[in-house]
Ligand SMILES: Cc1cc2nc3c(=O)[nH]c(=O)nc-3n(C[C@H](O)[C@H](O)[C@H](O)COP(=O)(O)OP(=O)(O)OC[C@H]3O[C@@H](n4cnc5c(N)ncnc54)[C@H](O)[C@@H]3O)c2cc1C
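Consider the single chain below, provided in C-alpha cells and representing the form predicted alone.
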C-alpha cells in the first residue's frame, strides 16, 4: 500500500521487450572510505540502500536503526484484504534483507541532533555519524479519528487495509461479509499526504467487483468520500477514475474528511465546507491521517513551511539531500518531496541517494537525480488494472509506450501487481534492482 512497484524489469522479460527504462546498475566502482553512515529505517528504502552502500563502499561503517523484527511487503496488503493472499504473504524477517557488513541496532530512533551529528536510540545509546539517511517511513495516526482504534478493525463493519497484514486479512472478512449481505459501503482517504494514494480507490473498485460477482450489487450502495475536489492528484488520471466511478454507480462526495467514527451506531462523521456530516455504513475501509514518525517530526529536519505538522524531511526534490544539513539525505515515504510515496518511488530514489552520497564522500558532484517517478497499478476489478506511472509534472511516463496503455484496464497490468511485483520488490531490497 505503500506501497506499489514499478514493473519495468518484469515487462521486459514477460513481453520479450528490451529493458526500457530498466533499473540502473546496482553497483558501480567501489570507493574507499572510513565514513560512518547511519540509516534510520529498515523498510524498502533503508534495506535497499544498505545493500547498495555495503557493495559500493570499502571500509565504511554502516549502521541501520530499526526496532521492527518483521519486514512487511506493503504492496501485498490490498491483495490480502481482497482474499487473494494470506496474511503471511507480506511477512518476512528484517534480518533476511540486511547485509552482514551492516550493523543493525534493533531499537527505534528516539532523537536526532543534526548539529552534533548523532542519533539517540530508545535505550539512550548515542550513535554518531558522518552521513545520515532518513528512511523511516510513515506513521499511521488512527488516534486522530475520534473513536477509532486498530482494535476495532475486523469488527462492526470496520476495516483498514493499511495497519498490518493481519488487519488487512480482518478487513477481507468484513468485506466478504458485506458483499454477501449488502448495505452501505463507505470509502474515503485522509487530507494528509499518504502512502499509495491509489489504494483507497482500488479497494473501492474491488469491493464493488466482489458484490457484482456474487450477484449482490443491487443490494449495496457504494459511497466514496473524497478529501478534496478530485479523486487523484494527476488530472488525466482523476478524470479517468471519475468516469469509471460514474459507470460503476458510485456516489462520490467531494471535500469530505473523516474526523470521527461511532462503531456502535455504525456512523462516520466527516468535516466538510458546510460543516460536519454524518454518513452511516455497513462496511468501511478506514484510512487514517499519516505523518512522519514522531522522532522525525520533532527533530530539526522537517520542512517549516510545507506539510506543516506532518514532519516530512526538508530535502531537495531532485537530489534528496537536506537543504540545511548537507550530510543528511532522505528516501522513501518520509522524504518531503511533491510526489513519491510508493515502493516504486523508493526504487528510483535509492540509487539517487547512493550516487549523491558516494559522490560527496569522494569529493565529487553527484549526477543522478529523481524526477518524481511514482507508479500505481490501479486495480479496477479482479483480473484488471491500469498501470499508472507519472512524474513531478503530472506527466504520464509509461515504461512501455505503445505496449501497455496506462489508462486502459488490462490483464497484464493486473498480472504485474498480483504475480510479478513481489519478485522485483525483493530484488530491490537486495540492492539488485
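Being a predicted model, the structure only gives us computed values, none of them experimental. Residue numbers count along the first chain shown, from 1.
Keep in mind that the form predicted together with the ligand is missing from the display, and what follows is about it.
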Practice task
May I ask you to decide between open and blocked for this site, after superimposing the site C-alphas so that the ligand adopts its pose in the model of the complex, counting ligand atoms within 2.4 Å of backbone or C-beta atoms with 3 as the threshold?
Solution key: blocked
Fill in the blank from the handout: Which of 388 to 396, 30 to 38, 402 to 410, 369 to 377 lies within 4.5 Å of the ligand in the model of the complex, heavy atoms considered? The stretch 369 to 377
Practice task
Consider residue 49 of the chain shown here, and say whether it contacts the ligand in the model of the complex, taking contact as heavy atoms within 4.5 Å.
Solution key: no
Exercise for the section: Mark residue 77 yes when one of its heavy atoms lies within 4.5 Å of a heavy atom of the ligand in the model of the complex, and no otherwise. Expected result: yes
Practice task
State yes or no: in the model of the complex, is some non-hydrogen atom of residue 135 no more than 4.5 angstroms from a non-hydrogen atom of the ligand?
Solution key: yes
Handout entry: Partner contact for residue 108 in the model of the complex: the ligand, 4.5 angstroms, heavy atom
Key = yes
Completion exercise
Of 358, 199, 175, 237, the only residue with a heavy atom within 4.5 Å of the ligand in the model of the complex is 199
Handout entry: Proximity to the ligand in the model of the complex, single hit among 313, 295, 328, 226 (heavy atom within 4.5 Å)
Key = 295
Handout entry: Residues in 31 to 52 with any heavy atom within 4.5 Å of the ligand in the model of the complex
Key = 40, 41, 42, 43, 44, 45, 46
